[in-house]
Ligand SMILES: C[S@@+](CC[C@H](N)C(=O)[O-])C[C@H]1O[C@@H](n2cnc3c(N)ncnc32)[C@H](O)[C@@H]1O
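Okay, so here's just one chain, in structure tokens, the form predicted on its own.
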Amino acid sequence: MSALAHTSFGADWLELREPLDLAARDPGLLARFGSCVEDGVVQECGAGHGALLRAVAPALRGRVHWHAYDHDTALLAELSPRFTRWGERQGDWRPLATDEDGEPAGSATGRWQGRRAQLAAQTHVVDLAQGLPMLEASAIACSAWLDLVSADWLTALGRQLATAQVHTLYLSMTINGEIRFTPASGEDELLVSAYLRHMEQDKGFGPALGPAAQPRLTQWLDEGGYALDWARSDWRLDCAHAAATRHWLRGLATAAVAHSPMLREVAEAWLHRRRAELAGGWLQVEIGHFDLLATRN
């Protein structure tokens, strides 16, 4: 079978990337976000099985209601049991009784008591391509998601925020288009360019922003009266994260070929060589991301 066979970015990839994200997130912005949402209501876009919630949980204070939105029913169904298992390992969170009566269709709520916070996490199966349902939320959060949406989708969200009481946005692990390999290869730039162009394809929201997310964010958040704090949150892949690195390398090569089929032979040879370098312990990849905390009074 070709090394460029179909690559899944479902639950298996979320498992692999969670420790990478956790290591890369800027701890200062994460802690400040936790403080900003004390006794607040958070809406998370593209919540998956709750990796961002688990990352933020140690910084939460007071009573927090977390609304987790995603289109994937199976992933959302894992959020509560995963949080419970994680909380038991941490020794900081114990599950509370829940009342499932009256839950809307496609929704479920888990409740936990921590040392400094009481958390209710409610899942919602939602097609966010149709827009973000605006509750009386004090904050919006997402992780590795904003680069998937289009400029039009972002503009529509900006119009919603103009009349909403959302005072905090935590937009984390967004790609910035910087990818560096050590050792470098003559084919890197060609394949990375095709890969980034492929990232701009429609993910259901219109043409994806991809690496253009940062300047777009700056524009519409400035116009919305938000103060912006940026931080780097770059991934560093190597043999210590061999499974995730292999998966990501294959994903890059596959996406590059999908964008430019003429690159197939080049990508096959490049991928074979990069896998050998990874197995030998001398391949390192740095993938640029950024975290953003935006606040307004």
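Quick note: we count residues from 1 along the sequence shown, nothing fancier. Note that this is a predicted model, so its numbers are computed, not measured.
The same protein has a further form, the form predicted together with the ligand, not shown here; the description that follows concerns it.
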Ser143, heavy atom within 4.5 angstroms of the ligand in the predicted bound form: yes
Contact flag, Arg116 vs the ligand in the predicted bound form, heavy atom cut 4.5 Å: no
Contact flag, Arg159 vs the ligand in the predicted bound form, heavy atom cut 4.5 Å: no
Contact label in the predicted bound form: Trp220 to the ligand, heavy atom within 4.5 Å: no
Stretch in contact, per heavy atom within 4.5 angstroms of the ligand in the predicted bound form, of 242-250, 57-65, 256-264, 39-47: 39-47
Selected contact from Leu171, Leu148, Ala121, Ala139, since only one has a non-hydrogen atom within 4.5 angstroms of the ligand in the predicted bound form: Leu148
Selected contact from Glu178, Glu200, Asp92, Asp72, since only one has a non-hydrogen atom within 4.5 angstroms of the ligand in the predicted bound form: Asp72
Residues of stretch 120-140 in contact with the ligand in the predicted bound form (4.5 Å, non-hydrogen atom): Val126, Asp127, Leu128, Ala129
